[in-house]
Structures are given as C-alpha cells and as structure tokens.
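Presented below, as structure tokens, is a lone chain in the form predicted on its own.
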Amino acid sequence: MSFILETQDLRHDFKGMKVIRGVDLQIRQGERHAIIGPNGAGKTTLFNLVTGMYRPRHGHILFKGQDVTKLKPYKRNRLGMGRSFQITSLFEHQTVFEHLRLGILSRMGVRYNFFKPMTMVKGLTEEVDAMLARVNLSEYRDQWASLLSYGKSRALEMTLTMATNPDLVLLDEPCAGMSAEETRNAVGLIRELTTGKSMIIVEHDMDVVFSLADRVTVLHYGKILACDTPSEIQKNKDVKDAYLGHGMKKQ
C-alpha cells in the first residue's frame, strides 16, 4: 500500500496539556480522507502539525516517503502539500484574478515584481482564466475579494489552495458557516478540484464527510478512536457514543 502521508507516534501539548497523544495516521495515495471528532479532539492541531505550523513534541511526519517533521510550511508546500484554513484569509484589495495569479506564480517559482509586467509570463493570464472558468468564478474575475459573498470567498480560497497544484490537499472546515445551497456547491467544487489528488478534510457536517470521504478517521481526546470506511464508521458503537450520536443520518 502506497501512502502519501504518514504520522508516526505524533504527540503534542500546550503547556503540559496533552492535545495529540500518539497519532499514527496513514493517508493513501489518491484517497479522500476525513478527520472528525468532537470540539477539542485535536483536529486542527493535527492539521497544524502536518502542515508545519507547529512542530511536534514527539514523533515523525512522512510526506511522499520523506521525513518533513522539521520542515517549515513553505517548504512542505513546495514538496506538494497545500492547505486551506478555517478562517478565510484573502487580500481585501486584490481582485479574484490577482489572487489566483499570485498562486500560479508561486507554483512557477516566479516572484511578483512591480517593475516586470506579469503579461511577460507566458500563458499566465490564460491559465488563470481557465481556472476561474473551471470553478465558475469567471464573472467575479475583476471584483475585489472583499466584495464576494461568504460562499464565493470560500470557493476562491479553496481554488487558491489548488493553484499551486499540490499532491495532497488539506481542507480545514471548508463548509463552516455555509448555507445548505452553498454547502452543496462547495461539495461539488471540492470533488472537482481534488480529482486525481489526495485530500484530508476536517469537517463537522456529516453529510459532507460521508458524501466525500473514502475513509474516515475519528479523533477522541487526541487519539485515533477508529479509522474505516464511512459505512463502517456509521455503524461503529464507540464512534456513536463518543461523537456522532444515535441519531446519525444514514447515507
């Protein structure tokens, strides 16, 4: 079995309060993997460890077979790891087009230069426009990001995450705060953008989780309680007791 990401006995604490307690996680090449658990289970902390925002107190993180435990976030990104955040973090006074242009320039290894017209970068405009069309954001091309609706802002941020063409995509609660219609659109967008890639998603909406994930890992008090297919997770008594509840929806 080929794993794109592995964590080995990963542990982390904040001033002695143990948050991650020996997590061994394996993400298969090409799978969509969900991480769920109650508030305080350690989901976002685990994301921060995997992406390099935090350095673990103990354990190792392997990405594509390479130990990246001590690598900074930007170096992990260059290796093919992309991440979106819980809180939208766009530049208010840049257009939708400009956001994606910066993402694609980053992938190309080209630094933005005020004295060099970006039109000199061959194929850049065409690639940005093609990506905007792919995610149905073309009509917002020249609009400031600050004027987008919440759902469109989240869509732009997810697309920006994909602009660097990562092999592994990490999405931290991409559907949080969305309406039912926005959530349906977001699920379709995630499915489209992650085709042929590996993905880890943290999400509280179980409909989103069970419609997207190939496998689901349940975190409970910083430990893995279960890891299985969505259908098996739905039937798992320990998971129901710890998190999902007996009223869990069947898909």
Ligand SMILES: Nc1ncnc2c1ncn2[C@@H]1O[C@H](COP(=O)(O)OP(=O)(O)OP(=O)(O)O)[C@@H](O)[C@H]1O
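Numbers follow the displayed sequence, beginning with 1. Bear in mind the structure is a predicted one, so any value in this text is a computation, not a measurement.
Keep in mind the form predicted together with this ligand is missing from the figure; the text below concerns it.
- Residue in contact with this ligand in the predicted complex (any heavy atom within 4.5 Å), chosen from 217, 194, 185, 45: 45.
- Contact annotation: of the candidates 28, 204, 223, 64, the single residue with a non-hydrogen atom within 4.5 angstroms of this ligand in the predicted complex is 204.
- The closest heavy atom approach of residue 242 to this ligand in the predicted complex falls outside 4.5 Å.
- In the predicted complex, at least one heavy atom of residue 38 sits within 4.5 Å of this ligand.
- Taking the partner from the other structure, this ligand in the predicted complex has no heavy atom within 4.5 Å of any heavy atom of residue 98.
- In the predicted complex, at least one heavy atom of residue 173 sits within 4.5 Å of this ligand.
- Scanning 11-27 for heavy atoms within 4.5 Å of this ligand in the predicted complex gives 14, 17, 19 in sequence order.
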